[in-house]
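Just the one chain here, the form predicted alone, laid out as structure tokens.
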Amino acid sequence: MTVRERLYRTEAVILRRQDFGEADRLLTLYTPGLGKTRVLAKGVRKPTSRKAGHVELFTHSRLLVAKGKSLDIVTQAETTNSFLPLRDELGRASCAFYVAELVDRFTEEGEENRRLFDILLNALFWLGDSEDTALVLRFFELRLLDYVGYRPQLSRCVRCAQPVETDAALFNSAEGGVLCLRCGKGERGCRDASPQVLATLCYLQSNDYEQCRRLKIDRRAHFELEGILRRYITYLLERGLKSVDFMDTIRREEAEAVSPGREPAGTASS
């Protein structure tokens, strides 16, 4: 195998990293052509490393990688976007951790999914720019679920296939969508979906981000939206996400800092 055949270039978002050996890091990447992959960045923990700043968490970078026997090795790295707003505010950073963990948990290594790469990249831009990061997360969750094969059915009853009236619907994670009252009343595991929230879910699922970003969602509706989707995601993954606890902790601390002396804001249970 020639040197040229051993090398390949790829753009990537760094989803996860962990220390490896004395000075290296094991990186979990999400790429447009290779899907999720793990590579070794040698020497990046050394103070003199030129690659270190280009392989930080959530960074969008262009990499030159050498094929290895067990792990491929990053030989060059150049930052395309470091998403600085995600590093300047802990609340936004916690959302980025959540987005990265979702992609990591819902994908297997080596499975290409260009649409998922694109929405991941866009979500990181939006999280750094939007005043409503919760709306960005809900939009991202619905797109991710669609792209990995778990699109929830929101407009028709998953059992009888009849159109669901927006003022009379239940969401069942095990069924993968909404049930009409006739099919779901008294059913274990169902969660009420209010008219506003069901209509919002349908809108988020059916429209692009430029349209969805104009939505004005009140705090109660945000809480309900988060609860429905978080419960569904937890059901699919069969356990919770570590980043959820971090995100909820930061949210509570921010709420307490803004309103000292008041009860901290509630968070959706998983």
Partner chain sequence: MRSVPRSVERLIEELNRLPGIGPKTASRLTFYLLRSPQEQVQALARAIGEMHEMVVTCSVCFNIAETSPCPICDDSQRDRTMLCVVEEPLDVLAIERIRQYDGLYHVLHGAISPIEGMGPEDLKIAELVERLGKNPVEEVILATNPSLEGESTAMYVSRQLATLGIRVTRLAQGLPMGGDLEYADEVTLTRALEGRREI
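Positions refer to the first chain, counted from 1. What you see is a predicted model; the values in this text were computed from it and never measured.
Below, we turn to the form predicted together with its partner chain, even though it does not appear here.
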Quiz item: Which one of 221, 57, 202, 66 is close to its partner chain in the model of the complex, taking close to mean a heavy atom within 4.5 Å?
Solution: 57
Quiz item: Which pick from 122, 81, 155, 194 sits with a heavy atom within 4.5 Å of its partner chain in the model of the complex?
Solution: 81
Quiz item: Taking heavy atoms and a 4.5 Å cut-off, does residue 243 contact its partner chain in the model of the complex?
Solution: yes
Practice problem: Indicate whether its partner chain has at least one heavy atom within 4.5 Å of a heavy atom of residue 11 in the model of the complex. | Solution: no
Exercise. May I ask you to state whether residue 97 is within 4.5 Å of its partner chain in the model of the complex, using heavy atom distances?
Key: yes
Quiz item: Using 4.5 Å between non-hydrogen atoms, is residue 43 touching its partner chain in the model of the complex?
Solution: no
Practice problem: Flag this candidate site as yes only if 74, 110 and 234 all have a heavy atom within 4.5 Å of its partner chain in the model of the complex; otherwise mark no. | Solution: no
Quiz item: Residues in which of 66-74, 235-243, 29-37, 204-212 have heavy atoms within 4.5 Å of its partner chain in the model of the complex?
Solution: 235-243
